[in-house]
Structure formats: C-alpha cells, structure tokens
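Consider the single chain below, provided in structure tokens and representing the form predicted on its own.
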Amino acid sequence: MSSGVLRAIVLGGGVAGIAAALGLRDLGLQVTLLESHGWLGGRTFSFVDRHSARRLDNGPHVMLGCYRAMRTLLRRLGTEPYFAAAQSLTVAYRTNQGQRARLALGRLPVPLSMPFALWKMPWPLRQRLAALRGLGALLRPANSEWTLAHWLQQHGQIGAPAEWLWQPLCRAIMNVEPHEASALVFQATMREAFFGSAATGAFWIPQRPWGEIVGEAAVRVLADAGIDVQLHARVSGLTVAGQRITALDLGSGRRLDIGADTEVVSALPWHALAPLLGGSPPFAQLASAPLVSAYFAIDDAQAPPDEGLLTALVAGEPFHFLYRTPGARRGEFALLAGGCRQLDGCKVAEIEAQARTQMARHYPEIELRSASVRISKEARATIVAAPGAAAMRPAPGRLAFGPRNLRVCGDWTAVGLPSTLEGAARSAEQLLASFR
C-alpha cells in the first residue's frame, strides 16, 4: 500500500472504474466513485427503444475466451454466466453475392485446428497456402511502425485471406480498418487468442443487455462493498496546488476538497480527462473510432437464415457483421459497422437506408420492406490503435506529468492491447499494482 493513502476517489464508472474501485476497497481504502451519467457501465450501456420497447445495447460488444481480466470482473459482479461461451471459434461468412461459408475450429488447441479449418475454406489453393503462412508470421513481431495493411502486404495476405480472415478480425478486435491498425498490437491480441486452447479464441456473446451485465450488477456489488457511488457527478475542473489535486469541481456547482491522505484515480475516457489537466497532454492527440449499430426487427418468417450468432459480411460496406443475441427470436438481429468513416455525419435516415441496401446485397432472398430499423451511434467507441498511438498511451498508474496524487487507468492506456473491454479491465489490474 502506498504510504499514507487512506482514501481514493475514482472518476468514471465504466469497466475500468468499477474494477479499480472494487480493487481499492479490497486494499482497505475508503472509496468514492463519481460518475457523470445516471448509470454505471461507461460505454457498455443499454437503452429502451421508445418505438419497440426493446432493450438495446449502445453496441453489441463481444468478448473472447482469452479475456481473463474481464471475466474476473464479471465473476465479481455475478454475471459471467450471462454469456453464450463457445468452446471453439466459429464464424459464418456471407459475400455480397450471397455466397456462404463457415470457419469452424475443433476442440484441439487453435494452432492445431486452425490450419485444418482454413484448408476447408472456399478459396483457391494458392490463397489457402498463403493464409497458413500468415498464421506462422504472427509468431514474428512486426515492425512497430507497420500498419496491419502493410503487414498483410509484406506477408502475401492479399485477396481471400485479407477479406475473409484478417480484415474481419481486425474490425472485430480493433474497431478500425487494417490501414489504421498497428500490426504489433493486432499481433499481440492474436497471439493471446489463437496460440492457446480452443476456448481462448472462441467468442463470448452476451445473452442479456450489457446494462444488466455490468452497470446494474455493479450498483449492487459496489454498495455491498461499502463504496460510495455518486451518479450525475460530472467533474468539471481540478484545483491543483503544490503539484497535488486539492479539490474537484463538479458540474452541479459542488466542490470536493481532497485531503493529503487521498488519491484521485481517473478512469475517464482520454477525451474527458485531457481538458481537466489543461495544456495538451500527449494522449489528447489520440484519435477515436466510432461504432454504429442497425437493429432490425422483422417477422420471423421473413428473417434471414440463422447461420450463427456472428456472420462476417465479406466485402461489406459500410456494415461488417450481422449479429444475433443468443436466445432472441430469428427476426431480431443487428448490422454492425466498426470504425467506419463512411457513416460520419450521416443522418439516421441515411444510415438506415444504407443498412437496408446492404442487407439486399448480402441477403438478396430476403424481403425487408416490413422491417423496422433502430440506429445506435457511439462516436467515440474506442481509440484508434495506430502505430503512432503507442507513444501517446500512458501506462496505468501515475502520469509522467501532472499532479502527484493522480493515477489513471482505462482501455486507452498502454496495456499492450487495443481499446477493448479486456484492455479496460487489465488497466485496472495494473493500476492496483501501483498501490501495493
């Protein structure tokens, strides 16, 4: 435990903030958590669609079996059973001509089962061989300045391997296109997911809304732990004296004095913390990537075939995946567009029209005139983990600059992963290590 620290104030009630608050309480500190919204969960929240009364997520976040830190938090919240946890990776594919395929790994460790699964893909022999060489190339760290697109070019991953394998994986994990993604960060995630047991690379898909899985569960667990949670408590300013934060100004006009025995832990998004610190901290330059979801509802008899919980839409633009919630009726599904700039500035009606047009290309046999569509947009869903972003991402813990009693965590910090649920949970783990 850091000498003299008795209290902690955590700013932000997302995944990192919840995990940090619980861990700090376990260390014996008195903990207060301040959240600007009226709910906990950060970017993993749900809302009720006023037209259909369906409870929808701001984005259908999907986990992998290798998300050990996030799963630890879910166990603490009592919600780990709320997932359809596959035992091996399965992905369905649809081309924009309606062609179907499936990548299905067996129960053997991924390095053994992936080559057999790729060999069955409907690609020319030369491209199947190229994909196998690409798997081997994951073992050799890429140049830190390379984008994933450059890595694909250097290793001959052109055509089917890029369009069916690497590009969907990049979009699903890093929420950007290969020409923006750091090859090194992508490799780090791939090695965790695909160089272990079959289950480490399998999808974990939530069976309940994320608001229930994280935010609502956290309210109960934080209260039981004796943590003071204050909602609608937006931090609007910091008072710094003698290189320490001495007070927090809240948007309500309230002022919280910070004693000498108190540490401030920011689990705020990068774009919310930077203005509070003033100047231009390096992480203020981090770019953001959006996530857009188009939730469809149609009569089951008119719905697209159920080909699995996640279907990659090969050569799909602007939407990249068709997603189904486990247990939902067949006529309820969503199209997802991760990191797609094509939809920036588009009105809801324009996005809906593009979603319908794309469904007609990938599922030409389906009649969608009677379908209702609800659009959800998260403008700053993740950071862009580009090659140059590594220098802007501070390690969880104390900043090299700024107040001495401030520590940071969050999915945007440097944990060696892209901006994911797992990155947020691991950042809290590393932050807590700095207190011991």
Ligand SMILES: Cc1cc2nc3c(=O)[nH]c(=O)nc-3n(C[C@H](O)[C@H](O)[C@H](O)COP(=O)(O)OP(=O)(O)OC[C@H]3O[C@@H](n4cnc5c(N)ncnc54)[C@H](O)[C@@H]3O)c2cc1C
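The model shown is predicted, which means the values in this text are computed figures rather than measured ones. Throughout, we count residues from 1 along the sequence that is shown.
There is also a form predicted in complex with this ligand; it is not shown, and the following applies to it.
Checking 66, 62, 373, 368 against this ligand in the model of the complex, a heavy atom within 4.5 Å turns up for just one residue: 62. Screening 291, 277, 160, 258 for any heavy atom within 4.5 Å of this ligand in the model of the complex leaves a single hit, 291.
The partner is not drawn, yet in the model of the complex one stretch among 387-395, 400-408, 40-48, 23-31 has residues with heavy atoms inside 4.5 Å of this ligand: 40-48. Taking the partner from elsewhere, residue 269 is found to have a heavy atom lying within 4.5 Å of this ligand in the model of the complex. When this ligand is considered in the model of the complex, residue 235 lines it closely, a heavy atom lying within 4.5 Å.
Although the partner is absent from this view, residue 421 contacts this ligand in the model of the complex, with a non-hydrogen atom inside 4.5 angstroms. In the model of the complex, this ligand sits beyond 4.5 Å of every heavy atom of residue 56. Residues 378, 381, 382 of 349-388 are found to place at least one heavy atom within 4.5 Å of this ligand in the model of the complex.
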